[in-house]
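Let's start with one chain on its own, the form predicted on its own, as structure tokens.
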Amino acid sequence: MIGLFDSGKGGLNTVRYVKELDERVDLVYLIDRENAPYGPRGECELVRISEENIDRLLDMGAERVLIACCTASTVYPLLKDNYRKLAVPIIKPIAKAAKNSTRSGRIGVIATKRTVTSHAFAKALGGCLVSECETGELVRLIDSGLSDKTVTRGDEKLIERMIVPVFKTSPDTLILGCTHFPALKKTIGRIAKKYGTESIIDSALIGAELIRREYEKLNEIKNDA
């Protein structure tokens, strides 16, 4: 069984994608509302929260854990060795997908305050020109029910005002650096296209692909035993 945790609705996007990719994948999902939101939390708090959540998922039967949250993934290198061996962070695979996508080497990132201030994506995207924009308010809006299905014209204008700084370097690729944000993927895509950004990297979809690969690895190990 694969476990995953996030601070709210973000992980649900990942779960939905997993079921679309492979319904056989056995999942357990921890929605950590007690510690939400993660974005404003400090490094030490995030380490504690991540290790506690990994323990809880292991108690539920998980054999591997996806840190299905970019904010929590920023502290992955600080986790104790035993937790790093059991957990899979999401940022590097997202960065790899963005590098494979970009033609200009200009990449934008919208993410929570903690993710932006850590510069985790910029570090993982070495060699690219990276523009990072803090959009933590989007997490609250999505947790309150905003999505592509419910967004109004006024909502779209508000979102554009939030994310417009990321387009200052004319990125051709935009990373949705929080697994909540795919709930507004179509809306953000329309806005991004106005500024010449064509490719959107869906962090929740990358997470789902990671889970499927980890599930396949576990099955291979069991079959070889």
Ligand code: DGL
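Just count from 1 along the sequence shown to find any residue number. Everything quoted here is computed from the prediction, not taken from an experiment.
Not pictured, yet referred to below: the form predicted in complex with the ligand.
- The partner is not drawn, yet in the predicted complex one stretch among 153 to 161, 166 to 174, 35 to 43, 192 to 200 has residues with heavy atoms inside 4.5 Å of the ligand: 35 to 43.
- Note on contacts: among A95, A87, V75, V139, the single residue with a heavy atom within 4.5 Å of the ligand in the predicted complex is V139.
- Contact between C178 and the ligand in the predicted complex is found at the 4.5 Å heavy atom cutoff.
- Along 64 to 84, a non-hydrogen atom within 4.5 Å of the ligand in the predicted complex is carried by C69, C70, T71, in order along the sequence.
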